[in-house]
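The structure tokens that follow cover one protein chain in two forms, given apart as structure 1 and structure 2.
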Structure 1
């Protein structure tokens, strides 16, 4: 995807001045509600006309106020998955799915409905009315419906907001599987950092109608930890679980982690709060915690009464959060060897 945007739009007291240039397959637009994410999304899709500026996607000009170009939404071939799905209530799931497909020129149809329906697990829903679907099913149908128009870019506008936690992590694997199976660029709009980290590689941070920063998603996660109340969450991609006594061992880099929770066969993603990691100067002889990882301190960063400690554990990294007093007592310094201790129950399986 090569997306170039420089637009200006005034909506009452709010004004949106977005200027950015993107290349990448999975990009996020991150910002609090009211920051202008949706306005930007509507302008990209052609549902809202900018006052002035230029938008081009893959070398095709979608909008240019200087030459008067303004492609209609149906001509842009940009798919949108809306926050509330907006499935057509007077049609069955099947007719919803095929609505866009039937309107896509034959030479552009490079995806088969059967394949999409299978990947998103919709076979058993086809003949239902859309009123009979759960929140997660609605979003999957909405995604499939959009994808079947074979768009050049998919915009997802807070597709997971309003779904409960459990459901969210049921859907994300579908999304990840989907976007890795079918090669369609994604622009993922959200105000939730965790969703961003799971779904995107880089992000545009939108504040007050402007693109404030453009960076790698993990970098955003590391820098935004300093906001009060938000701890940093380590995301660990672990392999398949192997039984060890009544616990479960997972391969992580060149060591094993012991967890209480049994994951599925294949990749599992666990969340580990930075505050759940204890640091010891020397290897404690005996402890109730099951994971004792020798690490090297790579970086220390203090904000107020909290210290972020970046740890190198073999090939992988962990981030722990402690208080300045502990840092002094442990005599932490960059390059020092320490032991990170984590309880088997501290990990939370996301998906």
Structure 2
């Protein structure tokens, strides 16, 4: 995806002045409610005309106020998945899915319905009425219907807002699998940092109608830690669990992690709060914790009465949070060898 944007739009007292250039496959638009995320999305999709400026996608001009170009939404080939699925209530899942595909010119049909249906796990839903779907199923059907129009770019506007946590973590694996399987760029719009970390690789931070920052998603997560209300959660991608007595062992880089929870076959994603990691100068003689990891301190970052300790644990990294007094007692410095100790029960499986 090569997206070039420089637009201005005034809506009453609110002004959106967005200017950015980006490449990438999975990009987030992040910001608080009212920051201008949806206004920007509507201008990209052709649902809202900018007052002035220019938008181009992949070298094709979608809007240019200086030349009078303003392609209609259907000509832009940008698919939009809204917070509310907006499925056709009088149609079955199958008919919803095929509605856009049948109206797409044959030369643009580079995706087949069967492949999309399989990846998004919709086979058993095809003959069901949309009124019989759960929130997560509706969003998967909405995504599949949008994808089957064979767009050049997909915009997802707060697609998980309104779903409870269990449903969110049911649908996100399908989304990750889909965008990993098919070569369609994604712009994922959300105010939820965890959703951003799971779904995107880089992010545009929108504040007051402007793109204030453009950075890697993990850099955003670490920057957000510096604000008083936020802590930091490590996201760990672990493989298939193997029994280890009453517990479960997971491969993590060149180490094993011992957890209380049995995950699924295949990849599992666990969350580990930075405050759950204890640091020791040397290997403790005895502890009830099951994970004792030799690490090297990479960086130290202090905010008020908290210290973020970035640790290199073999080929992988962890972030621990301690207080300044602990940092002084441990004599922490970049390059120092340390032991990170973590209880087996400290990990929370997300999906």
Partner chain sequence: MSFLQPSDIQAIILSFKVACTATVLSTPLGIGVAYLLAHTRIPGKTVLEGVVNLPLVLPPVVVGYLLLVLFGRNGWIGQVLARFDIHIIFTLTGAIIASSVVGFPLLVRSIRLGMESVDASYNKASRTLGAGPWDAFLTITLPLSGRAVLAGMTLMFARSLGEFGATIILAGNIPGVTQTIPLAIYEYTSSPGGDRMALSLCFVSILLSFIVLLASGAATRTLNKR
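Predicted model only: the values in this text are computed from it and were never measured. The term rigid core refers to the most C-alpha atoms you can superpose between the two forms while keeping them within 1.5 Å. Positions refer to the first chain, counted from 1.
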*Kindly point out the structure, among the two, that is the form predicted alone.*
2
_Core-superposed comparison between structure 1 and structure 2, residue 245 Cα displacement 2 Å or beyond_ = no
_With a threshold of 2 Å on the C-alpha, tell me if residue 90 counts as moved between structure 1 and structure 2 once the core is superposed._
yes
